[in-house]
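Only one chain comes next, encoded as structure tokens, the form predicted alone.
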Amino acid sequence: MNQRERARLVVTCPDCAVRKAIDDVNEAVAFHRRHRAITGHDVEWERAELEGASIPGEDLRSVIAELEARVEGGVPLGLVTVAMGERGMTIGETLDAVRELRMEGKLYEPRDDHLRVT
């Protein structure tokens, strides 16, 4: 097993088989944005071993509300993509759904790439 295979957080592009080990959940969002801008492909979590129990809730807003009770200062967008990845959504699909909720005024960003429900 090499260093990348042991990483706690790994994102991958199923279309071009690119894998990236990262240290912080929001690095996955940055990687997704760069990769999509260059290739047009979506990225998904291959591995995300986070501390704590799984997050209850079915819809995006309830998941963010649950995470908000566990994280101070806003929920990192990357953490939201991990929780929604467990529900079958890719990082791009989650970011699109977050954008829709933000446009409807149901979410806001207290700082870049961190979310809170309204």
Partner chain sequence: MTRWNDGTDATASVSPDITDETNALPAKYFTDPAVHEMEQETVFSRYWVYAGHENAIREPGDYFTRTVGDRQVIVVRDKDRGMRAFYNVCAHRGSKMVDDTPMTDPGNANGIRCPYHLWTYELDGDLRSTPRSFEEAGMNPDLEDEDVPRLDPEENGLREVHLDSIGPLLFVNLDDDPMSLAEQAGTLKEELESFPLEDYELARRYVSEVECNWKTFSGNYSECDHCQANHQDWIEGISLSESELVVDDHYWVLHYTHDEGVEAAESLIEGEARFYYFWPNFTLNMYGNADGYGTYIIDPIDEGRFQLIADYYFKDAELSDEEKEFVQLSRKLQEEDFELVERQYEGLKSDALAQAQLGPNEHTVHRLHLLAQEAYDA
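Since this is a predicted model, take the numbers as computed values, not measurements. Numbering follows the first chain given and starts at 1.
What comes next is about the form predicted in complex with the partner chain, which is not displayed.
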Quiz item: Heavy atoms within 4.5 Å of the partner chain in the predicted complex: which of the stretches 59-67, 86-94, 72-80, 39-47 has them?
Solution: 39-47
Quiz item: So, Met103, Arg111 and Arg116: all three within 4.5 Å of the partner chain in the predicted complex by heavy atoms, or not?
Solution: no
Quiz item: Do Asp15 and the partner chain come within 4.5 Å of each other in the predicted complex, heavy atoms counted?
Solution: yes
